[in-house]
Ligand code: FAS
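In the block that follows, a single chain appears as structure tokens, in the form predicted alone.
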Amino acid sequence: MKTQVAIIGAGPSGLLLGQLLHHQGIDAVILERRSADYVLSRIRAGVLEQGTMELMREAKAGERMDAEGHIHEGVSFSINGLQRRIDFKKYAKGKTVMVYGQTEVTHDLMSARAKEGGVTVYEAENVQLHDIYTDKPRVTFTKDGKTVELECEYIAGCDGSHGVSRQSVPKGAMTTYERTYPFGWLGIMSRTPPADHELIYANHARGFALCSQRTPMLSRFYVQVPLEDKIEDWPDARFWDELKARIPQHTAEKLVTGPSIEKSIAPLHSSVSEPMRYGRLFLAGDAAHIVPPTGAKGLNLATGDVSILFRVLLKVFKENRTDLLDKYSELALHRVWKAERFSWWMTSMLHKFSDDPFAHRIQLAELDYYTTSEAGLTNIAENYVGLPYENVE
């Protein structure tokens, strides 16, 4: 097999890159070690930045998103029960976000690619990258018991932090900066109406909580728990009681509860690996960086990488601007580190790290400042809706 760009990973970032390239006449083959059904079963993020929405439309995969997604013009912070709203339209120059599940994004991109005849190989086993530092990289994999070699010009590693792309980087070539947080998020999904028309992030003496949503009758809720806790420790009744204790009283009183249809505990982690380019291999999304979910940046940061990589490759193939290949990592990391900072700040300000009353009062003071001053509100709004993409020129 031959292609211009081999994309490893059929999550939203790999599929989005494939669609963007396809509409510019650039051939790409996507390899995914899991089945399509497995990829669609992943429960992930649900908040899309404006830039992500625009990329979905550019990839001609945004029709259902625009019809069924829910635009949010703000978000609320609950500070020991006192609720304050951040108005995105006012403080982020009219920008908004959309609540639309990552599963739906993936479904739409899969459908668009299948409809337009793009090649995606699911259940590709034993994927291996070769000769990434030459001008003739290649990828080998096994499908239906047969070994296949895919010749290409460039490889995009969109297969996550445990994927083969990251593992193919030579030892010592990558520098990783990371932080692990001493707690996790217990999350549940329920077929109940949202707690509020917008998301609520809560800082409480008992710990963090988040009221999120997917649709008018599908809600997602989280509470901070110790890392050693197990799902069995949290029957639904205990979860609802704890959530109600941490969110504003008027919200708790009207909260509609119901059986959980999904429940999981996720640890929180910040990580950035540099650089994001190794010869003809380019890393994007979780293959290069991870953010805690507090700032709603995981999927959006990946699509930001895709935007930059797509525009670099477009100029390479259309204008022979191979000089831009050296700029991908620098441009991507410039935006990555800002998103890492915001996610770290949100996590640091909203979670309980210890029983130290002084530390908690400092958190409350900082949140009070950020949610009452023009500068603070602008800071939160601009970062939450997503910072501008870097120009590729």
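These numbers come from a predicted model, not from an experiment. The first residue of the sequence shown is number 1, and the count goes up from there.
Keep in mind that the form predicted in complex with the ligand is missing from the display, and what follows is about it.
Peer 1: Can you pick out, from Val256, Ala266, Leu82, Ala173, the residue that has a heavy atom within 4.5 Å of the ligand in the predicted complex?
Peer 2: Spelling it out, the residue with a heavy atom inside the cut-off is Ala266.
Peer 1: Counting any non-hydrogen atom inside 4.5 Å, which residue from Val97, Ala296, Leu309, Ile247 sits next to the ligand in the predicted complex?
Peer 2: Exactly one listed residue reaches within 4.5 Å, namely Ala296.
Peer 1: Which one of these stretches, 42 to 50, 355 to 363, 322 to 330, 60 to 68, sits within 4.5 Å of the ligand in the predicted complex when only heavy atoms are counted?
Peer 2: Checking each option against the 4.5 Å cut-off leaves 42 to 50.
Peer 1: Even though the partner isn't displayed, in the predicted complex is Arg34 close enough to the ligand, meaning a heavy atom within 4.5 Å?
Peer 2: Yes - in the predicted complex, heavy atoms of Arg34 and the ligand come within 4.5 Å of each other.
Peer 1: If we define contact as a non-hydrogen atom of the residue within 4.5 angstroms of the partner, is Gln19 a contact of the ligand in the predicted complex?
Peer 2: Taking the distances in the predicted complex, the answer for Gln19 is no, it never comes within 4.5 Å of the ligand.
Peer 1: With heavy atoms only and a cut-off of 4.5 Å, decide whether Pro137 touches the ligand in the predicted complex.
Peer 2: No.
Peer 1: Can you tell me whether Ala302 touches the ligand? I mean in the predicted complex, with a 4.5 angstroms heavy atom cut-off.
Peer 2: Answer yes; at least one heavy atom of Ala302 falls within 4.5 Å of the ligand in the predicted complex.
Peer 1: Flag this candidate site as yes only if Ile155, Gly279 and Leu314 all have a heavy atom within 4.5 Å of the ligand in the predicted complex; otherwise mark no.
Peer 2: Zero of three within 4.5 Å in the predicted complex.
Peer 1: Using a 4.5 Å cut-off on heavy atoms, what residues in 256 to 285 are near the ligand in the predicted complex?
Peer 2: Contacting residues: Ala266, Ala284, Gly285.
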